[in-house]
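Only one chain is shown below, in structure tokens, and it's the form predicted on its own.
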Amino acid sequence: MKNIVIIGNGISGITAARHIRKFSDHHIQVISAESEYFFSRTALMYVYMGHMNWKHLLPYENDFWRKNDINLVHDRVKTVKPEVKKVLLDKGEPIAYDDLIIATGSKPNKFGWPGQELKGVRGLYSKQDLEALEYYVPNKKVCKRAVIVGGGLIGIELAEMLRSRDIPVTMLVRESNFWNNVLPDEEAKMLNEHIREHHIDLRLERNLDSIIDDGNGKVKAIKVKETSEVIGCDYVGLTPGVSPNVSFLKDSDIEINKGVVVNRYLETNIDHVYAIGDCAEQKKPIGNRPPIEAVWYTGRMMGEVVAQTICGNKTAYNPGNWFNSAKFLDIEYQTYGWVFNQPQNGDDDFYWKHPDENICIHIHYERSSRKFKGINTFGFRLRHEVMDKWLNEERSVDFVIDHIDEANFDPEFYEDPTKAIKKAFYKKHSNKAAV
């Protein structure tokens, strides 16, 4: 029986713990300073918005861990000493391990702005961030205005949370359109309009210059870099992305770049030390996938893979086709495969938008072979198993269009956009290739 130590109790670390227990009788310890119990991080916003209580974010009863002989250690890791196979804690005694799994996730980006450590300046990632929101932004009487720095998925979630309590929100986005570093212009411009329709003061091509102190260590305003405008506010949400939470490893012998460097088996440069989830960085990127994947489902997959390896069945991490989903206020978003924000040499795109609704589709394909390479949808949903199958089968764009109704996942009485999509595609491609 081995002693397994896991640093981090997010989806990656807990998935690894559960699967190691499923396959073995190894001794398992999970260390976390953030919270005593694993919680669903993606649902933090719904607690603030009043749709859930904190207890609803706990997928397992508190005695689940005792029943499954998974020992929880609520403490902060200071560093790792792989030469003696020990983890050093802030309060407790050092913990020895036979196999170590680093699953410490991410932390919100900060770029050295003056005032970024003031009270009332937070990200949206942790349990402590949620608690700070409740303290500094309980209602519009306490918070006259909030400023969000950065767009993307976390930024729009925070904006929706604050607007649910009628708090005025200004959002600074450095790109020319919202999330334009990911989305093509068509979708990004549609989101610009949608965000402003929800009474969010969206400022494009604007960067934070500094955060201004009220004289008592709390934020009272921000300054915009391009215009020198000062915007009064009681809260600043820093949401310009996240970075791997690995600074505690800088004095260890474990190789780190932006994240903990791993191979396809999630092994580090040190024997019996692994890294999974948001903090892991693939030494050799897998296809078009980024070397660091801050996505819930890939973290879960890595937890399953490393558990197999530790329990004697060495398994490579193989995430398959890229996919993701999110919600931008009232608009649901899905992506499968790759749709790039800029035109790609040798490739082509097809875009269609509903004339009146925020419903659109964007398909990316290879021009010469017409091979389907990726799809974005806004406002209607596709069946994951169908899209994944078509990508694996390397279907043509013509096949995808001809059968798009088979992939439509919307309920029966929703408007079906697939006929209009087909009509628009056939009009653009009057000499449509054979399926």
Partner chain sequence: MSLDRNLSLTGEAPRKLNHQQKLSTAVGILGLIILLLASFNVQLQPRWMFLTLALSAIAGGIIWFAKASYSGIPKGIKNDGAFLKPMTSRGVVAYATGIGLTGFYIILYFFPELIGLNENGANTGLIALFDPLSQFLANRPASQWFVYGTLYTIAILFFGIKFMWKYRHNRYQRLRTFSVSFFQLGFAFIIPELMARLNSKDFSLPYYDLKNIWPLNYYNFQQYRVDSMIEAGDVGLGLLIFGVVSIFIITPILTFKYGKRWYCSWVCGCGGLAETAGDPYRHLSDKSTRAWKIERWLVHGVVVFVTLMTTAVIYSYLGTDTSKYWLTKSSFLLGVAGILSLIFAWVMIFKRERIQKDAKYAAIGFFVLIIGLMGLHFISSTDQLFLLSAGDLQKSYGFLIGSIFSGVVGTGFYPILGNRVWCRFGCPMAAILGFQQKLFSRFRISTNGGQCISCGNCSTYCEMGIDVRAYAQKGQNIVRSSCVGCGICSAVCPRGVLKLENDKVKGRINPKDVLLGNDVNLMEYVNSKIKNF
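Numbering follows the first chain given and starts at 1. Remember, it's a predicted structure, so these values are computed and weren't measured experimentally.
Same protein, other form: the form predicted together with the partner chain, not shown, and the subject of what follows.
| Which one, Lys144, Lys225, His198, Lys78, lies within 4.5 Å of the partner chain in the predicted complex by heavy atoms? | By the 4.5 Å criterion, the partner-contacting residue is His198.
| request: Select, from the options 172-180, 271-279, 243-251, 313-321, the stretch whose residues sit within 4.5 angstroms of the partner chain in the predicted complex by heavy atom distance. | output: Every other range fails; the passing one is 313-321.
| Can you check whether Glu366 is within 4.5 Å of the partner chain in the predicted complex, heavy atom basis? | Looking in the predicted complex, residue contacts with the partner chain do not include Glu366, since no heavy atom lies within 4.5 Å.
| said: Can you tell me if Asn68 lies within 4.5 angstroms of the partner chain in the predicted complex, counting non-hydrogen atoms only? | reply: No, no contact at 4.5 Å.
| field | Val305 within 4.5 Å of the partner chain in the predicted complex, heavy atoms | value | Yes, Val305 is a contact residue.
| 4.5 Å heavy atom contact, Val230 and the partner chain in the predicted complex | It does not: once the partner chain is placed as it appears in the predicted complex, Val230 has no heavy atom within 4.5 Å of it.
| message | Given a 4.5 Å distance limit between heavy atoms, list every residue of 260-290 close to the partner chain in the predicted complex, or none if there are none. | response | Result: empty, none.
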